[in-house]
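We begin with a single chain expressed as structure tokens, specifically the form predicted on its own.
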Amino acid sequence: MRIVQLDLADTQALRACHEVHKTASATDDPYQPPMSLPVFSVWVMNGWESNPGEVWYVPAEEAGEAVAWYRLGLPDLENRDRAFVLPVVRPSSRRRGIGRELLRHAADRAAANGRAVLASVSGQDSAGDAFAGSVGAKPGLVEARRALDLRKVPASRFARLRETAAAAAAGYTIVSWTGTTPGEYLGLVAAAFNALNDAPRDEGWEDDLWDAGRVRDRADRILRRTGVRGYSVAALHDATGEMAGLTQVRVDPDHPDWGYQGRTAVTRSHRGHRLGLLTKATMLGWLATAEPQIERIVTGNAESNEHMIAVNETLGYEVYGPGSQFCEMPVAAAAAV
């Protein structure tokens, strides 16, 4: 079986891999749309956090088509002992050993880059989940998916919730922006991102350390390179100027009836003032005007993150389809499957 490194300038091969992604998504996760080609193209090149990586694919016998592919993410700032692999096999080509070939290949590439641990994620009870179990991957954190169906919840509900939360948030000012982070907020957003380091995660993962440059160059890259529309709402502490709370939502113009929740964070010293509910309720009121065509907003939270789950359920989010199962295994073990 030929496994070829994807030349990201090869638009035909990139489209072939995207077709595999769409076909696999329709089978494995029909609950929400697959990534659009513009988003997929940026993601395979840079990942969500702009970590370096490699993409390899299996060409099909038919010209211009692919059977399978994987992206190997290689964190370069933290967690440099780890690689993150996401293998995808066309449903019609499964159960032929292709997944194991990809995993062995990915393990070899991870080892060549000095990595000792291979991590991945798949939908709960999906083909990917079963594959991970069959090769001996150790299951880790489970992230539950919830969706807010805006067709069921009137916008007036968010206004009431905002008023309720604002009563507990005296001394804070709400600010908002569209698109990439304004220069004056870059450092403040970095501090809010760093607050997420105490969110639930699997053992062994290091803290992500954000600064202004990393927010500008990495977190905002997908907004600069695609037509994705970004919305941010933050709570600033009047006395110190600190960004005490932040929530972000993205809308892909190829799937305009869907909103995708990004980070929501409240810094430790400002917790207890209902800032999570305040920023999220404000966001939903804003989107009702700015993006009235949105029907659903999707989010994910670790099953153990009781506080954020409670906030989301207060807003009207409900469990939506299977969640995500994270897993990992030693690179040496993956190379020998």
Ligand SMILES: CC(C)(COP(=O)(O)OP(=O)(O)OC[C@H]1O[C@@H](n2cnc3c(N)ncnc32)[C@H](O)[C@@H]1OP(=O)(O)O)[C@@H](O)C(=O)NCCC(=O)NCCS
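If you're wondering where the values come from, they're calculated on a predicted model, not measured in any experiment. All residue numbers are counted from 1 along the displayed sequence.
Another form exists, predicted in complex with the ligand; not displayed. Remarks below refer to it.
A heavy atom within 4.5 Å of the ligand in the predicted complex is found for exactly one of Arg96, Arg263, Arg224, His255: Arg96. Note on the partner interface in the predicted complex: the residue among Arg201, Lys138, Arg160, Arg100 having a heavy atom within 4.5 angstroms of the ligand is Arg100.
A residue is said to contact a partner when one of its heavy atoms sits within 4.5 Å of a partner heavy atom; Val89 meets this definition for the ligand in the predicted complex. When the ligand is considered in the predicted complex, Ala130 lines it closely, a heavy atom lying within 4.5 Å. The ligand in the predicted complex is not approached by Glu291, whose heavy atoms all lie more than 4.5 angstroms from it. The shortest heavy atom separation between Ser134 and the ligand in the predicted complex is within 4.5 Å. The candidate stretches are 247 to 255, 224 to 232, 206 to 214, 119 to 127, and the one lying within 4.5 Å of the ligand in the predicted complex by heavy atoms is 119 to 127. Along 9 to 37, a single residue, Asp28, places a heavy atom within 4.5 Å of the ligand in the predicted complex.
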